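Take a look at this single chain, the form predicted on its own, given in structure tokens.
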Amino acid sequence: MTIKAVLFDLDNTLIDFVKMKMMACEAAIAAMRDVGLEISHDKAWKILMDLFKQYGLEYQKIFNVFLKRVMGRVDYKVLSAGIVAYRKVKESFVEPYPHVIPTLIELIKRGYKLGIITDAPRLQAWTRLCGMKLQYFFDVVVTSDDVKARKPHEMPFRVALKKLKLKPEEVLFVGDDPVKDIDGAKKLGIKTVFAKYGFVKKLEKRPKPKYKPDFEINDIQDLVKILPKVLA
């Protein structure tokens, strides 16, 4: 059956999210220490990474929890310094991977519908898309606020399929996470592409993937070469 749409994960597939997160956290720790937080950089970093393992990379009040762990309370001068530094780095780094924009343009020119399925909250997802000037490229964007389950649960994929009015075999999904992205899509019979360029070892403990991707790519522009093979 003909592929009619290409769906993407967002973080570490279109944007180098983990690198952005780590750089922003480095800046936040430095800023908090500058205004009086008495802790070494290495110890602060270890505590923060341990908290991410516990709460997840998207937890919005991680610095509140961090300060309670370090100081026993939230000092709002220290908290504000960290948040401001974090946001400055984060906002300056919001850029797509190389070749993302020309690849998306080429897919649109070829008649494919495009979509996003992400575990990021709605505001964060759209902020990143707008920051990369990609807000007009996609026919559907499914965030963690749009469904009551996260990948690899099949619900986010079902919602995207319903909005696009397409069958699983008419869709190709591209993602960097072997479990969340590949397993989640394969359970519904969606063809998958593993974005090797975005794969990083996750902070959280993860189960081993149950499925193998149909294709692997080292650069997003390789999608243009893969699609004819999917149709073969």
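Residue numbers here begin at 1 and follow the sequence given. Owing to the predicted nature of the structure, the values given are computational and were not obtained by experimental measurement.
Omitted here: the form predicted together with a further copy of the same chain. The next part is about that form.
- Comparing 131 to 139, 146 to 154, 78 to 86, 115 to 123 against a further copy of the same chain in the model of the complex, the single stretch with non-hydrogen atoms within 4.5 angstroms of it is 131 to 139.
- By the 4.5 Å heavy atom rule, the three marked residues Ala44, Leu48 and Leu51 all fail to count as contacting a further copy of the same chain in the model of the complex.
- Interface membership of Lys162, defined by any non-hydrogen atom within 4.5 Å of a further copy of the same chain in the model of the complex, is ruled out.
- When a further copy of the same chain is considered in the model of the complex, Ile101 lines it closely, a heavy atom lying within 4.5 Å.
- The closest non-hydrogen atom of Lys109 lies within 4.5 Å of a further copy of the same chain in the model of the complex.
- Annotation for 86 to 107: interface residues with a further copy of the same chain in the model of the complex are Glu95, Pro96, Ile101, Pro102, Ile105 [heavy atom within 4.5 Å].
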